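Quick heads-up: the structure tokens below are two forms of one chain, split into structure 1 and structure 2.
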Structure 1
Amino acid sequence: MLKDWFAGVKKGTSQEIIAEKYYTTAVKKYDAIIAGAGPAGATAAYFMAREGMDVLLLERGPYPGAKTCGGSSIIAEHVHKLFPNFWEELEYERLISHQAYWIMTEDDAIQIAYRSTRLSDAPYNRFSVRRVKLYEWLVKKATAAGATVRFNHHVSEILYEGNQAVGVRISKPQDCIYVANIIILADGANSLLAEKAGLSRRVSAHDLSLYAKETIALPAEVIEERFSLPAGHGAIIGLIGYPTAGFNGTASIHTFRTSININVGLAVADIAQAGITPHDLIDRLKAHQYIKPLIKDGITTEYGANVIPEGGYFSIPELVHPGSMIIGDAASLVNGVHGFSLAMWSGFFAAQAASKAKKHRDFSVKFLRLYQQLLDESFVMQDLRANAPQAKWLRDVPYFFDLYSRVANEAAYHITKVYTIPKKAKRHYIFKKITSMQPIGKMLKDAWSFLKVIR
């Protein structure tokens, strides 16, 4: 069936040699090929294999999760609905019962924390997980259900017959092709495959954030003591303001069993502007007076960096094409920093569409469109749509996190500090101080636009 495609290829090239091999050894045709064994791809493979489909899952790394890093935590409710009681199988790290936000400047921090042991009752709320464990668990589930997985296989392009996707090319060292009725792109953020195939535009440097991370090993008891946690419980702290050196962006601390992850990230376009390298951003944060005691005597065991799509709803490309679908980060399905559950659910929906298309033996967009429909009706798209203006707004008010972290901390300082002036005069003084940082009219305007966005 690839005859037409090969007819267009010049004679004497390596393609021709592959073509010959293809016709002589009768290469097997899969029901579906999935490029990328992340949460999106592995979940899609699992649900398709369970429907009896013949699935090939291709991953460029040598083991699950080898090529991604940073974070991470999962939302129990979202995963539980796809994989009931998953916590009995997945080797998670800690049960999150402490969530906090720190609004920071060089010298100060406003710390807002919520902790409750109610968050640690089944069906739980959030777990911290190590990426490699999460990916491995999902890939094992897919293979147990009957999917074929190949590691060290880098998909270099999607092959087409007309506008119908019919296979994939694997780069060296294999240098081969695989064919299938359905090709699923699950190659993560900054999808080179979708871009090369013309299924999506090149992602903008404003819509993609680069996060650097460091994993710091500490004994379990030390972590529990420093974050005042009951045994086995964990904390996630979001850090705003200081960590991103004057630009909008976020940092976070995730606690694992015997280590913690520190991440800092901002838009790729802003890092270049900020003039500070990602590794220096991490060091700068680690040296902050309120972070330093948390990681004292810890040993850094891993450094890394990775990108995450933050363009939101408006940056989502067309997801369904003849013979192919785009899922997970490749489709920009990330809400805030939550990407795992959206990736997994998109994989689940794509599997349903694929299975329907197989039943009807029609691999055009007719039945595959079910994927888009299911996604639109689900929490995935509804939440993304609700947060749609956020990404643009953060770009329009680039100083928001930095300036208002300062304003809030300045106000907190003067409220806390005791002066020998009457209360009324003090209020007036604080007002003067704050409006000297940003004129009141401008501040009200920003507050108003902020409320409009988060409403």
Structure 2
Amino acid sequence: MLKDWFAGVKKGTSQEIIAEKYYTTAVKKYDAIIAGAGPAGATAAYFMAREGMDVLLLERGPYPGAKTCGGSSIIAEHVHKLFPNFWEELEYERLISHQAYWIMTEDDAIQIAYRSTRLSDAPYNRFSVRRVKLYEWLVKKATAAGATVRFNHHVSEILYEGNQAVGVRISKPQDCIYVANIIILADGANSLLAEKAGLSRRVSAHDLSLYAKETIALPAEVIEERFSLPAGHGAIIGLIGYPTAGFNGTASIHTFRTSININVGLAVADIAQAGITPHDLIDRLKAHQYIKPLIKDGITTEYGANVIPEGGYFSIPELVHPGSMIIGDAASLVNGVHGFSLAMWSGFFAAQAASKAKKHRDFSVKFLRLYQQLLDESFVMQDLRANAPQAKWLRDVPYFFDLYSRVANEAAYHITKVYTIPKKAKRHYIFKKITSMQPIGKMLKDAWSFLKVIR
């Protein structure tokens, strides 16, 4: 028995051996190093530090969220389970109690909206939040838990001893090395670190979407009047059809405390094909007759863009490797409904695996695999797996959002308009009108293909 115990200890210790060529030049050795201080990386750092791990969180920007702009919404229940009553600490913008979708053409908009006072009760549903404020809060949580954070540190490569990740190299001006038992990649969409290390393939332009964002300042009371909101409450409007200029894509409006955030996103491949710029899409949307009144007299205070991986389940790389894990956007763990939540939960699951690996002193795939197992058992991977066909479907039916926005609005126009003909004749006329835009057989085929990919 004693012999078996000694053999186990020896095996565990061997996982912690750092190659001498790195160790002698390293600044310090940590339990874990995280590249990227976004929602995934900062959440992982917080939960690992809370478990007593010595964690180094590295961010290439000068402060949390330096590379981001605008904001989005967070799902209250998801974040509440990770950070109980987070709304008492996080500086959010508005409590979302109004959700709407507009199906748009150049001249029309079918508006579907839902309001409820029940969405205003704890633990709430959504909050609009600025990215910088969310990132800053998460990094402060990680620091308070004991994590070390270094800004202006660009991780240029992962260092290996054999196939085991053992550290990272920081590019100039620091030009130094840090070593650790576990390396976690949270460097965002199109992770160059993972690609350079051979942990993931080059991301296709079809699997990346570029979102242009603009923040327009307006007084709080003006926003509440224009969106018919109670004080402190907010609205999110999803925009379909017209905003993406004939391509499948999404756009939205988020209300902040004293500003409105507009964003439009398309696949990078579609942007290249169309020869348009994100700025063109934003200007085009702002000029729409139903958007102009919402932003009238507003002042643009921020403009930018960011890339989001939207290839879905089939674009997710292998997430667990000897001594390393990939989390958040770097792992293509993105679902439009859940927003930041998937990144944060992936950071939490990675922290559980890292903590277990440290306790067993074994940083091989054997123990880090717990990260993948926790993901698979959670809503994160279950939703991504259920919706796996969507990315391919969007490429196969590129006209869907534009065409059927036009069909829906054309039908709505004629249903609303009063004619001096019998109702039966009117129904026949409307049927002929919309089937001239798309044959009924093709409509049914497209509708069936749509239903098959919605889970």
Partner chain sequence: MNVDCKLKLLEFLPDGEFQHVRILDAELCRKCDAVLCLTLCPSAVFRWNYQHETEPPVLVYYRQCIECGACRLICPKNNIEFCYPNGGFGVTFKDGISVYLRPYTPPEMP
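Every value quoted in this text rests on a predicted model; they were computed, and no experiment measured them. By convention here, residues take numbers in order along the sequence of structure 1, the first being 1. For clarity, a rigid core is taken as the largest C-alpha set superposing within 1.5 Å between two forms.
Source of structure 2: the form predicted alone. Annotation: Cα of L199 displaced by less than 2 Å between the two structures, core superposition. Core-superposed comparison between the two structures: the Cα of R226 travels less than 2 Å.
Residue displacement note: L368 has its CA displaced by under 2 Å between the two structures (rigid core superposed). When the rigid core is fitted, V337 shows a C-alpha shift of 5.4 Å between the two structures.
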